[in-house]
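Below, in structure tokens: the form predicted alone, a single chain.
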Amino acid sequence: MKDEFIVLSPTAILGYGFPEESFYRGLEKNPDLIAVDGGSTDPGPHYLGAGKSFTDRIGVKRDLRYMITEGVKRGIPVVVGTSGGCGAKPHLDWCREIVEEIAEENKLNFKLGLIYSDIDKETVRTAFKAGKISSLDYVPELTEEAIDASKNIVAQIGVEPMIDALDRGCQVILAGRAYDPACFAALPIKEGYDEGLATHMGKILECAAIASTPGSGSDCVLGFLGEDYFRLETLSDERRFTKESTAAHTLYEKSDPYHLVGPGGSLNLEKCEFIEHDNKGVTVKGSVFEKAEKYTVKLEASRKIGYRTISIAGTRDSILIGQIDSVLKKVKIRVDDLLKKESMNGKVHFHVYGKNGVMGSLEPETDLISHEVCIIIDVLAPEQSMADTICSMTRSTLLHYGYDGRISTAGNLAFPFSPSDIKAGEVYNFSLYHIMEIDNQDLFKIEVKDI
């Protein structure tokens, strides 16, 4: 085991890009691993259900080209977690095609590992009936109906399948949906480094320079893992790691500041220590991985619930803005009455930016001081044509609605786009966001290909 295991994290998410200068500065340190988080469920359930990437193909290919050509040439393993954005089979296959293109165009030869994290419905049903599936906080209890309606069910894999692929000699690994730190932690854990420190370091490296200050989602950083510590360094003179930025990112997307749960156990950070250096770096000590009695993984899936059409409009009419809530309520009542009479099924929602478009009913600032607001008409219906019709009816009703004090007889909405109504297509919501006990890692199929 080396004194330090070095990991190069090029970017926050594959496809976000990174400066070439930072990347090659990182390669000068002779890293033992190049790893990147390929995606997330943060952009919502649509991309998982639709089997599409939320990152752009050209951007993903550009990032992978640097990583794979340099990794293969220098003998550095390259590991990608949550490939294709959401990590289901369509996403993983999409990413594989890009890798094969890069290999052909650059005349590269290597062993490629593909780790599928898809879980079939029958496996989920069996676990559900056996009481091996539980809900996360604020998530409804699972039902068989939700399982049946789900598309692209995935589980967040841990380091074990990645270590298996590495043991099989894979030089480039594309993993399906994965625990974010796993692609950074698998190889050092395999090499004998501490699991708690490796996982915590992966928790920071997953978002690369976002954890530095000033943060950036498009820049490279290095992690140095020692026997009883890990150290972080930026690769741009514009930013640095601080105690505050590192500790803050440790808490990123976590509700408990001391115990971070993942596949097979949790990080205990009760004795964690952050030490800041003058050379843009931070050293972290005291992270401990505690194995769980039962190995669990998080399931994710979404189901289609209809089609969306939206219309975006602005208004600078102070008379309308002063009574915007009551006007929108009256418009909705009128539209609902029309829908009922025409036997049309759909839902209309208004987002009012400049008032409470971000927080909605949770917005604590109730005094409206905006001189202009943006109104988004958001329609969900069982069919696209029905969503189009309802959006059109709502837009025209609001455009010419006769509210109290109105002076102008023309419309009091300004539409930035023509056509004013935009088809947003299929709409999905999360149907599975639950924890499942598993007995072994055989659920996760691994393919090895000679490229």
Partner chain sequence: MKKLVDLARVIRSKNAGPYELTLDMIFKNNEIYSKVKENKLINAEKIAEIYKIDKDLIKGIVYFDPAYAVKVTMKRELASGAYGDSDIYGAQQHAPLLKLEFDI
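Between two forms, the rigid core is the largest collection of C-alphas that superpose within 1.5 Å. Residue numbers count along the first chain shown, from 1. Just so you know, these numbers come straight off a predicted model, no measurement behind them.
There is also a form predicted in complex with the partner chain; it is not shown, and the following applies to it.
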* **Contact at Val139, Ser245 and Tyr258 by the partner chain in the predicted complex, all three, heavy atom at most 4.5 Å** => yes
* Using heavy atoms and a 4.5 Å limit, would one call Arg96 a contact residue for the partner chain in the predicted complex? -> no
* Look up in the predicted complex whether Gly75 has a non-hydrogen atom within 4.5 angstroms of the partner chain, and give yes or no. => no
* To do: Would you check, heavy atoms only and a 4.5 Å threshold, whether Asp378 touches the partner chain in the predicted complex?
  => yes
* Decide whether Pro45 counts as a contact residue for the partner chain in the predicted complex under a heavy atom distance cut-off of 4.5 Å. => yes
* Structure fact -> Assert contact_stretch over 146 to 154, 322 to 330, 360 to 368, 116 to 124 against the partner chain in the predicted complex, heavy atom within 4.5 Å, equals 360 to 368
* Asked: Of the residues Thr315, Thr250, Thr283, Gln171, which one places a heavy atom within 4.5 Å of the partner chain in the predicted complex?
  -> Thr250
* Scan His351, Arg303, Lys190, Lys111 and let me know which has any heavy atom within 4.5 Å of the partner chain in the predicted complex. => His351
* Structure fact -> Within 426 to 446, the residues having any heavy atom within 4.5 Å of the partner chain in the predicted complex are Tyr428, Asn429, Phe430, Tyr433
* Cα of Gly131 displaced 2 Å or more between the shown form and the other one, core superposed? -> no
* Asked: Is there a C-alpha shift of 2 Å or more at Glu293 between the shown form and the other one once the rigid core is superposed?
  -> no
